[in-house]
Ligand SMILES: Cc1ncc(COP(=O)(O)O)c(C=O)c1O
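Only one chain is included here, represented as structure tokens and corresponding to the form predicted on its own.
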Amino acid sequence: MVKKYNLKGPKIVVEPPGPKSKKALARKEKCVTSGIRIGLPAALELAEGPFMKDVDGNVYLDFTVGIGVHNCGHRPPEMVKACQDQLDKFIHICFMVSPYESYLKLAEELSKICPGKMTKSIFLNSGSEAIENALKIARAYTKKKWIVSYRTSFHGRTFMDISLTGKEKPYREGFGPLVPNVQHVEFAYCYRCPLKLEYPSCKLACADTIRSIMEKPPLQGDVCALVGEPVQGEGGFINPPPGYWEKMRKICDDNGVLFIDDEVQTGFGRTGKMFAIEHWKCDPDMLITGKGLSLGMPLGGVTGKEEVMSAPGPASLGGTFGGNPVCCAGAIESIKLTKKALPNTKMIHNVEKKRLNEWKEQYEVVGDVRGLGAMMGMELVKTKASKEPIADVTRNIQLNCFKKGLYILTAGQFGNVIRLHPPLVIKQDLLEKGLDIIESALVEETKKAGP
């Protein structure tokens, strides 16, 4: 049986953080590394559907969904039951020792739903591990060493992942030297175009710049892979314009470079399609999954073209817990749930786009509104003319929403982007309620900040 709690909210019974949450935070300070920062100071004890309940009895509407994980809400009963059924059979064997059904079936499912001709997979413990393994596979296939990634990207927290990620604080600072032979390039960040051009008259000159970097020493003829998020997540919910990924695919093809599509945050319905890259006519060579793949169970995957995935030698890939049978069983059910939820992303996008663009017209601090499907964000600035980031006000809006019973996240190179991650199954009235809370926080905090 899957236990139900029938949570309803948002409902604040004691100003957060309440006394029990404060005690939990004090315990954290004593026994957990200071390298882990708590974003919102409430200790949670229950989560169900679009809601989370803290130890003090407050119920929050969740527009973070575990940083883009719980696309179908917290603890969907079908997925929980699938995990329970597998627990009744066995918890762990290790696929490298003996194969089992949930791993095989999940690999078969991904070969059906991934774009292009990607037919073989490997499963790991996380999206971070999946990125690592994709690059091992890419080097085995191409026999080249350079890796190109975007300065505003985020690919995880291992040494390879932070080497790919361009943001120094908080991800890279103090951890050097990092992995060599990584070249950072500029993304198609139209709101802050590094070339000071405008789309479409720019003719995607940012992509031409990347071609130039790839085709000159020291990278010339020695680029293994381009790693990119179709829509950047932590970088600020930045979606490139039409034609961008098609042009980057051509550049990769012309230079014998593999395109590794990081769909850890954008995959499984978040942008209105199963995978975000499907908004462009661009088939990757490898596709990275995580987060929404298993709706909360620790799992990541690499799915790629047969000839690429067959390049590593026997026994060169693996991991004790990679593709855990319980996690794979949950992921199989997660795919079914995502397919059912996909049509609702149209409503989410239309409602959010309308409201956020109204705010852009009404409020001087809303500099840019962007995103696809249920992956929308707004960038906050001091004035529209200056585009000066206001990270402190953005953080205050987040905390204001928290005290009103709404969880939201911030993002961006300057920490000035409010990103919206509602569950794909959310009803319109709850979505509107959450947006009402954001607007009230926006008005209150910008008024406090003054001109």
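Quick note: we count residues from 1 along the sequence shown, nothing fancier. Since the model is a prediction, treat every value here as computed from it, not as a measurement.
FYI, the form predicted together with this ligand isn't displayed, but the following is about it.
Of the residues given (Thr142, Gln86, Thr152, Ser128), Ser128 alone sits with a heavy atom within 4.5 Å of this ligand in the predicted complex.
A heavy atom within 4.5 Å of this ligand in the predicted complex is found for exactly one of Asp285, Glu229, Glu379, Glu352: Glu229. The stretch from 191-199, 340-348, 260-268, 205-213 that comes within 4.5 Å of this ligand in the predicted complex, counting heavy atoms only, is 260-268.
Contact annotation for Gly322: none of its heavy atoms lies within 4.5 Å of this ligand in the predicted complex. When this ligand is considered in the predicted complex, Gly367 lies well away from it, no heavy atom lying within 4.5 Å. By the criterion of a heavy atom within 4.5 Å, Pro240 is excluded from the residues contacting this ligand in the predicted complex. Using a 4.5 angstroms threshold between heavy atoms, Pro76 stays clear of this ligand in the predicted complex.
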